[in-house]
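Coming up is one lone chain in structure tokens, specifically the form predicted on its own.
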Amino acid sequence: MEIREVAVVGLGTMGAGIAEVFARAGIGVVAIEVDAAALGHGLGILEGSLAKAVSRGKLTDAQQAEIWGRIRPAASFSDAARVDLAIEVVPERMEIKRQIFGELDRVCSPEAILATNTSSLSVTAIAAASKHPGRVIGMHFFNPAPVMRLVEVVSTVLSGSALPGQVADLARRLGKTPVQVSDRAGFVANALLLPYLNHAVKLLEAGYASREDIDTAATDGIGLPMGPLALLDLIGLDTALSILQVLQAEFGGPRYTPAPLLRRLADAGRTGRKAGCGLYDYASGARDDGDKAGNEAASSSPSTVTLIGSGRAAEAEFASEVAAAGINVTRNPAHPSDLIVIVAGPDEQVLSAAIATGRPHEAVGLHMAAPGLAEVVSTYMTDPPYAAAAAALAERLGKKTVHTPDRPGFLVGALLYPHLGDAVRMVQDGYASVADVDTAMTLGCGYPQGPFQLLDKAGPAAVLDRLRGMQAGYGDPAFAPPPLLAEHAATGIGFTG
């Protein structure tokens, strides 16, 4: 069917953005709100967005006027009687959404498509309450809707067979990239993103690493656009908690069980940027990143370093960098030196090598997690001044540093590999394709590379070994590698090739 006019119910930030997307695509929009004040506020959001686009040269004044001409404000559901599609963008509460769908059932044509923008609730449960469940579908936009290209098209067991394809075609008409999935909590993006964010909070709560190091490990070690803790503050800790509760209710298991710290902060009103504080403080208008930089600046890099390694190419390269920086290098742990550095591989334990030196309190591991990032690995025997000296050494060589305990995966791996395991499990369960998972995470969450692109870059066999090491080291079933990963590792075949 041809979509000529749509109704958008709810003109908060998200609803106003969705209305703008439809109007920009040449589709008439009936903008519905509960009362005149709410309607005026929503239209003000839309006006501000269009004015900004004009000021940046993205729209001309004439184009702005054309878009405004396609928007018809309304305070009554009866104005939606002739629309071809209606989409609700109201708060994530099932009783509100069912009430909205009841009103749409009453006024809309039986042929009209009814869509929900829910990010966490069951589309099936919403559809089941409709008089015409076969025409109900999820159409999940991402914020900000005018900018983000992904739309998750969510079908249910009640959806008409042609409906998902029709809505996917509509998303393409809007300039979006659709990903078609069946109704499962979190769909694709949130079902993968939230367990990863939750795990980061658990690492912080357990004292595994500082908040700044956790975020730096994600941005500089994995290459993600934002660290998980900063992203949680942006999303809202209360919003993240509610989504995790939905995921946990459907899937169970420790990956979806909200971290106690997340729950406590949300209960205390520290919900993130919108509250001025969350995992970070924003009271001054800028994020408080603590005094990590000042503490490490107080440590000077050593003049003589004992390097210990297993003869890998990375060790030789690091030794050359140290020598080029004018620092004396020795390979003999009995030789007097300021610091013993164990150049560690991603699958190696630092403690055994530290003990073998005879000077374990002075020994620190360094793992080159990425070209510009070094993980400073402390064992339980490492004296803190030596860890600080190792960080100063790495920074003298032009590398950022994060501190991590001597545990499987160190810090970057502790964040990344369980996340990749979740992605494989999603494909293994037949819920989404490899291409759809990578599309959802790149377009919906801003990843520069999708999870399967990251996995193939590391190699299925390496990811399998590291997940097995984490499962053995932590005894946590959440780190158990999926059978599909083991199959790819056995054959040597990647996921994206």
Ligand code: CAA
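In this text, all values refer to a predicted model and were calculated from it rather than measured experimentally. The first residue of the shown sequence is 1; numbering continues from there.
There is another form of this protein, the form predicted together with the named molecule, and it is not shown here; the text below is about that form.
By the criterion of a heavy atom within 4.5 Å, His140 is counted among the residues contacting the named molecule in the predicted complex. The named molecule in the predicted complex is approached by Gly444, whose closest heavy atom lies within 4.5 angstroms of it. Although the partner is absent here, Pro144 lies within 4.5 Å of the named molecule in the predicted complex, judged by heavy atoms. In the predicted complex, the named molecule sits within 4.5 Å of a heavy atom of Ile243. Of the listed positions (Met368, Ala392, Leu193, Ala127), a single one reaches within 4.5 angstroms of the named molecule by any non-hydrogen atom in the predicted complex, namely Leu193. Checking Ser337, Ser119, Ser378, Ser301 for any heavy atom within 4.5 Å of the named molecule in the predicted complex turns up a single hit: Ser119. Residues within 4.5 angstroms of the named molecule in the predicted complex, judged by any non-hydrogen atom, belong to 45-53 and to none of the other stretches in 431-439, 45-53, 462-470, 66-74. In the predicted complex, no residue of 458-492 lies within 4.5 Å of the named molecule by any heavy atom.
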